[in-house]
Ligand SMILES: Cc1ncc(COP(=O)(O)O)c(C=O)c1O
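Just the one chain here, the form predicted on its own, laid out as structure tokens.
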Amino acid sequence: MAKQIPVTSRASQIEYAIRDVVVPANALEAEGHEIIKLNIGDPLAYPGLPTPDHMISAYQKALLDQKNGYSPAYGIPELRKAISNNEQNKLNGGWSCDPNDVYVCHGVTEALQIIFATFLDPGDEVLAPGPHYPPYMAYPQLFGGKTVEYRLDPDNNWKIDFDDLKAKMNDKVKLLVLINPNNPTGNVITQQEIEEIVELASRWENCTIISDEIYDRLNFNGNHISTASVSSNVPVITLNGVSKVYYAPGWRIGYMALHDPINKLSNIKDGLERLLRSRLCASTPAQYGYLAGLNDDDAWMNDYLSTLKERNDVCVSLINDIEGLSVEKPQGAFYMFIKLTENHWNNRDKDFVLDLLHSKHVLTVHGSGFSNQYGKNHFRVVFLPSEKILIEAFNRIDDLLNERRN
């Protein structure tokens, strides 16, 4: 065997649990097994929640109109304006978003990479909730930074543990991350909590808040508050896009919107723009598809949200009837972070997920993939599939727990 060319530690240590578990699932499918996939937050992976027709038509029209060339690096002006209007007019928490402070990216994941590249020098820290969406742990290290997790309380609806958060704030913290609603727990941060977070961040002059609001309108009690609307002195970067609320994740269009109430981000803004120009632009025709979603009637969202609420209730009811499981009922998004309560599975959530996959052909994600410390002894499912599929999946989960118990 030829001598192997070495891989960098930054690449070899990257983990993305949501897709990593797909590798053994693909092997089982190649053997002819049918897998119930509850692992990935892609609404288009399940029947019944399609991308709205008017958005697809706008995307198609852009293609046919030959809007297929490079577009402005920061996003097409019409979309930046529509995003700013949307942020200004949110039912809960509208804020004075300027179109010139909106930057369109290849999804929120690219926005994160650009933000981390702009903010972080070696030794700088990012505070992110634990458990959290995996890129918040993976990406900062690529730019010399370090992610420190602050605790969400698993016994109190995954609310922020403020004592833990306060203890971890220091001069090295450049970015404080909120994921609201949260992936993977489904928790929604209250206005009182946001006010306390902003007050805390205001004590550290180099701290900016990242508010990941990609699931903002997937909140079941209508109580989501935009962080930027609360802050009068702390910079806030709002992240959002077309993937979840508008049911078009494959289009890869997201944005970051800067709220800089006392003008602290001039140098940061220059750095962001330099990086955005260097990578050319986001998909031009997809931006027109998103534009249609923002500008046209969105009453269709109510039916979609009602469907998600019903499936949320179904899953909670099923879990409550299964010995060995418990869950804090999600208040938003479409994920359920389920606790394994039996000693047999203590600190073995990945073993559980792999056992469930191989023996019952149900694909979920191990909780430790969202945080080694704060996600262990849990597993995540998405409740996007039909009620029939969810019932079958949880019956198989119940069967596995009973078999391993006996």
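So that there is no doubt, residue numbering starts at 1 and follows the sequence shown. Fair warning: this is a prediction, and the values are worked out from it, not measured in the lab.
The next section is about a form of this same protein that is not shown, the form predicted in complex with the named molecule.
The putative spot formed by I179, N183 and D212 is fully lined by the named molecule in the predicted bound form; each residue has a non-hydrogen atom within 4.5 angstroms of it. Of the heavy atoms in K159, none are within 4.5 Å of the named molecule in the predicted bound form. Using a 4.5 angstroms limit between non-hydrogen atoms, T109 touches the named molecule in the predicted bound form. By the criterion of a heavy atom within 4.5 Å, K329 is excluded from the residues contacting the named molecule in the predicted bound form. Using a 4.5 angstroms threshold between heavy atoms, K174 stays clear of the named molecule in the predicted bound form.
Scanning Y288, Y247, Y335, Y150 against the named molecule in the predicted bound form with a 4.5 Å heavy atom cut-off leaves one residue, Y335. Taking K269, K146, R252, K309 one by one, only a single residue has any non-hydrogen atom within 4.5 Å of the named molecule in the predicted bound form, and it is R252. Screening 186 to 194, 236 to 244, 317 to 325, 299 to 307 for residues having heavy atoms within 4.5 Å of the named molecule in the predicted bound form returns a single hit, 236 to 244.
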